[in-house]
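Okay, here we've got a single chain as structure tokens, the form predicted alone, with questions on binding and movement later.
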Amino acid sequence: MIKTDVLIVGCGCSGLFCALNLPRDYKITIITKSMTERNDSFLAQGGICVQRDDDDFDSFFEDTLKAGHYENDRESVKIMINSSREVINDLLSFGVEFTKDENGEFAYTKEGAHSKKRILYNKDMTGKEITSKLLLEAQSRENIQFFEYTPIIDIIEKDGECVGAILLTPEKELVTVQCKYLVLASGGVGGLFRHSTNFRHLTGDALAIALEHGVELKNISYIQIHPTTLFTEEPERRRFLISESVRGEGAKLYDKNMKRFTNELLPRDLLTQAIKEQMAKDGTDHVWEDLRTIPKKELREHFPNIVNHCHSFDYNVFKECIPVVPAQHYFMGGIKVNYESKTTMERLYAVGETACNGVHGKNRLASNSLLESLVFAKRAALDIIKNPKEYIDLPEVDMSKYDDIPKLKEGRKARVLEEIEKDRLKNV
């Protein structure tokens, strides 16, 4: 049995940031279903939003609500915006670097549905820059221990409180963990869908476990489709995202006749709808995106990862258009949490894409994901500090129900998809 103060499930930016905001005398255990670098936080391209000054609050607030179809929790949105500069300063203290202009000042970019430039970025690899620096800091701390290829199989509850978890080791052995707090930071649900920008191992495990323990979920049918991912003939391959920042910097979308058919800076759901309608009209599997409208120097310096990835598929973005198609991208719903990221079960928290605090409403505004994840991960850590708990003796657990792990996993995937469909029908 492992004994730890805080067990964090997932090592993306939200799990790491939560850990780094906890005291150094806390024993913290972080587990991940894959390698520490294989999480969607590393894939985030565009950037991270920040309130640039006091005058920016109202437009930032309105842009977020408008993109979310005004179904956002307004208090959550206020908390996120008001905390944005503090979070950026925290990141800078951990060595995170953002692109600067010729005067040495931060450069800001703009993406779809933003009324002004307020997005900090590091080329087209902002998520990797942030998450890798957080990971380095976490790995340097003696109180934080990592276990790779170690998924959570179940949580252990006693009298309505989360007191531990069951893990599966790389050697396929079950291990019991006793903890004072458990933080679910296990990402989204992309692995449940055929076409997704997510890593395939992100299959909504935390949602399934929450359902089994009566932990409330919220808006789980609110699933964002990213309008532009690189089209390939390999349907099972993780789709490579062509960042919204590309369109923010001037890239255009064309139909089969190479004619523009929409406003490229529409919110993601509306642009996805426009692209799908054009594909149906043209009888094609994709539309075309033209990056040649962006100056070559800017294209090389701002989007090197996109340029290189397209080249690996024999597309020269300086000379030709690339085929793009919508794909599942982000999960706005999740485990219901309050403003401190607490779930409806005592001692159990959820952060990042796993959680739903209502910030995003029905559709996430571009580049709000990294910010929201970090803001509410820090709030989870601060709430844990404010409410000290002691260990509770673990109850006896019937381990025989975990005898067939593959069957258990498939059953949970089916349950989550069923619940997503139920929620969708409820919200029609």
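Values in this document were obtained by computation on a predicted structure and should not be read as measured data. The numbering used is simple: start at 1 and walk along the sequence shown.
Keep in mind the form predicted in complex with a small molecule is missing from the figure; the text below concerns it.
(request) Decide whether Leu43 counts as a contact residue for the small molecule in the predicted bound form under a heavy atom distance cut-off of 4.5 Å. (result) Leu43: yes, in contact with the small molecule in the predicted bound form.
(message) Taking the small molecule as it sits in the predicted bound form, is Arg379 near enough to touch it, meaning that at least one heavy atom pair lies within 4.5 angstroms?
(response) No.
(request) Could you confirm whether His201 comes within 4.5 Å of the small molecule in the predicted bound form, counting heavy atoms only? (result) Contact check for His201: yes, within 4.5 Å of the small molecule in the predicted bound form.
(request) Find out whether any non-hydrogen atom of Ala185 is located within 4.5 angstroms of the small molecule in the predicted bound form, and reply yes or no. (result) Yes, Ala185 is a contact residue.
(request) Quick one: find which of 323-331, 132-140, 294-302, 93-101 has residues within 4.5 Å of the small molecule in the predicted bound form by heavy atom distance. (result) Stretch 323-331 is the one.
(message) Between Ala251, Leu271, Leu348, Leu241, only one gets a heavy atom within 4.5 angstroms of the small molecule in the predicted bound form; which residue is that?
(response) By the 4.5 Å heavy-atom cutoff, the listed residue in contact is Leu241.
(message) Just to confirm, with a 4.5 Å cut-off on non-hydrogen atoms, which of Ile223, Ile152, Val87, Cys310 contacts the small molecule in the predicted bound form?
(response) Comparing distances to the small molecule in the predicted bound form, the residue within 4.5 Å is Ile152.
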